[in-house]
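Form predicted alone, single chain, as structure tokens, below.
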């Protein structure tokens, strides 16, 4: 199953279990001290950023490649939703027709095929950014226990690419999420979107991992970049 289909199929469950993603949105928005009138949300999903706004912008543009997610995003006269894949050059081709006051992306850009290229495209829009990107230390112990390489980029690479394209404050957020059982933990992972539907273990290997995973919680690490307006 590809990433796009995984997010579409799990759209309803994602809204119910994206605990860490909601916390990251709150952290990201808390650093925006003004009230930008025109926002672009890259990887907007089902509308987590829009729902969390403390003000009503005149213009809100949400971009996502998963139809199932976009169908659940709030609709309003000030909202424009674009079904686009930020991995493609075409996704950015006419966005300069908007005068964005800020560009936001929360918990999406870790899935960029070429993060350097995507950040370069974002930079061409000439607006301050607030970006939150999960790193390889997310689920670190799980991947170590399974003897698998992490799916995501390292903190160091993520920071290097952000500093290449933007000038702002960079923070590293770390969270843990505790579960009553390992089975509940794995069910959460499947639905939450952080694994993006990437089935890297077979049934036997997954069963063994559930028996040997040493923690009762999952780890998360997020790099946050915020530019002043």
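In this text, all values refer to a predicted model and were calculated from it rather than measured experimentally. Residue numbers count along the first chain shown, from 1.
Beyond the structure shown, there is the form predicted in complex with a small molecule, which is absent from this document and is the topic of what follows.
Q: So, in the model of the complex, is residue 87 in contact with the small molecule at a 4.5 angstroms heavy atom limit?
A: Yes.
Q: Looking in the model of the complex, any heavy atom of residue 45 within 4.5 Å of the small molecule?
A: Taking the distances in the model of the complex, the answer for residue 45 is yes, it comes within 4.5 Å of the small molecule.
Q: Quick one: does residue 108 come within 4.5 Å of the small molecule in the model of the complex, counting heavy atoms only?
A: It does: once the small molecule is placed as it appears in the model of the complex, residue 108 has a heavy atom within 4.5 Å of it.
Q: Should residue 175 be classed as touching the small molecule in the model of the complex when contacts are defined as heavy atoms within 4.5 Å?
A: Result no; residue 175 lies far from the small molecule in the model of the complex.
Q: Choose one stretch from 121-129, 135-143, 100-108, 148-156: the one whose residues place a heavy atom within 4.5 angstroms of the small molecule in the model of the complex.
A: Careful reading of the contacts points to 100-108.
Q: Heavy atom within 4.5 Å of the small molecule in the model of the complex: which of 166, 65, 188, 179 fits that? Just give me the one.
A: Looking at 166, 65, 188, 179 one by one, just 65 meets the 4.5 Å heavy-atom criterion.
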